[in-house]
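A single chain, nothing else alongside it, follows as structure tokens in the form predicted on its own.
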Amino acid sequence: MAARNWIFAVAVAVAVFLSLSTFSSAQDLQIVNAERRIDLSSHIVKAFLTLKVENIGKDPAADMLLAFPPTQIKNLAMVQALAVMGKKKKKTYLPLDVKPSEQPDAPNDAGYFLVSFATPLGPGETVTLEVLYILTHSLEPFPVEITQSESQLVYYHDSAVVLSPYRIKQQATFFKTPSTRVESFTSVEPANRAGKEIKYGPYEDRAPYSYAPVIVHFENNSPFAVVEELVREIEISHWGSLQITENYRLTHGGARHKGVFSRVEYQSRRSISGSSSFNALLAVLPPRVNSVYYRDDIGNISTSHLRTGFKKSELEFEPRYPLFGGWRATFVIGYRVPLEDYLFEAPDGRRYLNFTFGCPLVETIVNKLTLKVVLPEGSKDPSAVLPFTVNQDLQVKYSYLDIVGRTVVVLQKDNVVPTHNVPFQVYYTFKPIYMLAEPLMLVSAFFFVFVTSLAYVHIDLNIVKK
């Protein structure tokens, strides 16, 4: 009993020490300068944050926290951080580890990400960080319904100052709008607007967790292309190719269309009528694609054009009708690529697929992405390697001449943006003898038919009197 109490006391002491050390590290850092540039030219909001961080404490600091308001945490698609090394022409960028962090005493339900420094930041030292974070579904259409001839206006909510658990000595925030039409924006002095840019600041010596809410109301007619669900299936065949099938459920995520749709007005006054709609999409496909098709529930759609190249292929296509706010379209894109470009053998003898994650459509948000990698029959020990967290599962799929079925590696991720279009790998073990299974089955079937036919021809089934 005494030993148990001693262990409990030690655990409590360790927890208290860690909490105190975390608190002290938060107090020992300050941001000398912060510059934030928020790009609102698309429906995908990109924020570029430059931080000069200084250690004003007595102990080295191994990491720092990035804070986000709760309204942004739920729409946060990606956070990346780079450490700037060197100066001017010799400047290099070192990727840093960024992961979500739970803080028990977070004010106003703020969310946190922990950035680990490449090397601990010593007392009196400074480091410059370049942070990129991407927000989806953060532009609110207002009005929420528009006619065919009206432009689309949206709200964007944010803060004039950077939300941070550290004191910021100097900072400024810039908003870039897609056009010069800005209906209104909150004034937090000093604030000014020039063309497409709105500047807040500079602000001096702001306390931790300072927040100054602002609203920008502006015109944004960029295509609000949102894929509600995308299912990509990559089927590996060791006989020479990869078959990729992509099922899309696309919608226009902007202000809902009201009234009637006039095709005549749309065609004759395209620059005015339907300026917030889109009728063409661009898919970036792998190089050396072949057997490309594009169809929907009705059948094949001929309004498409394929451009192939050594580095990439581009498929430009049109749905059967233009998409206005709230309208939907479903379609399928399929193609083949050579196996030798994407399937390799690891040093340990395993085979692995190296392909691109994400959505091929340009400037598109995917609410739910499911990627299925169908391995050849007989594959064992599958494992997936990705640079970010996804939900993983295993399924079994049966196809022609399968006996035990094919293992399917299922990767699922929500809130996917173009930045997620990075290579991933799926490793598995496979014995070449399994490649003979289907040919042997076909040979056996033909042999059985041949023997049966031969026996039928030579057997006399006539009834003869004795």
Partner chain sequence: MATLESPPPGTPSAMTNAFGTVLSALILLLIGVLAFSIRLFSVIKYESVIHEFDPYFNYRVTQFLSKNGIYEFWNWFDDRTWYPLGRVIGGTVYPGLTLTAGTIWWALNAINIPLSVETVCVFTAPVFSAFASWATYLLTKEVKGSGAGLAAAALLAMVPSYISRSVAGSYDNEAVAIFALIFTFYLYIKTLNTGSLFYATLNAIAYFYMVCSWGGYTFIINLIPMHVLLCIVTGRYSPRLYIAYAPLVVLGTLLAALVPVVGFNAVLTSEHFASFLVFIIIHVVALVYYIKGILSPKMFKVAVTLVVSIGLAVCLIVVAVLVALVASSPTGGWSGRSLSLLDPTYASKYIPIIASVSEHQPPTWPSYFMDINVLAFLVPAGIIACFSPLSDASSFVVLYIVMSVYFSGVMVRLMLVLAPAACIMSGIALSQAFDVFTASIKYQLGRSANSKDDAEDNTSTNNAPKDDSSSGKTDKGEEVAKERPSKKGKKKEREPADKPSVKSKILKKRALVLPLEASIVALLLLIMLGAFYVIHCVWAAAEAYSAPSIVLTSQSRDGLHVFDDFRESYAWLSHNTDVDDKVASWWDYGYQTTAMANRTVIVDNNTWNNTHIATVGTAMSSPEKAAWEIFNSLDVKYVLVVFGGLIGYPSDDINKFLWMVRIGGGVFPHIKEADYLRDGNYRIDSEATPTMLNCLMYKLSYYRFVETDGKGYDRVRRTEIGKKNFKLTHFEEVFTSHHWMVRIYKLKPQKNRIRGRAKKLKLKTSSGLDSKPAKKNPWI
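What you see is a predicted model; the values in this text were computed from it and never measured. Positions refer to the first chain, counted from 1.
Another form exists, predicted together with its partner chain; not displayed. Remarks below refer to it.
Stretch from 357 to 365, 289 to 297, 224 to 232, 105 to 113 whose residues place a heavy atom within 4.5 Å of its partner chain in the predicted bound form:
Checking each option against the 4.5 Å cut-off leaves 289 to 297.
Would all three of 302, 329 and 457 be in contact with its partner chain in the predicted bound form, where contact means some heavy atom lies within 4.5 Å?
Verified in the predicted bound form; spot residues all in contact, yes.
Among the candidates 265, 341, 197, 316, the residue which, in the predicted bound form, approaches its partner chain to within 4.5 Å (heavy atoms)
Checked against the cut-off, the match is 265.
Among 346, 394, 260, 207, which has at least one heavy atom within 4.5 Å of its partner chain in the predicted bound form?
If I apply the 4.5 Å criterion carefully, the residue I get is 260.
Though only this chain appears here, would residue 321 touch its partner chain in the predicted bound form if you measure heavy atom gaps against 4.5 Å?
Contact with its partner chain, yes.
Given that the partner is absent here, does residue 269 sit within 4.5 Å of its partner chain in the predicted bound form, heavy atoms only?
Residue 269 belongs to the contact set for its partner chain.
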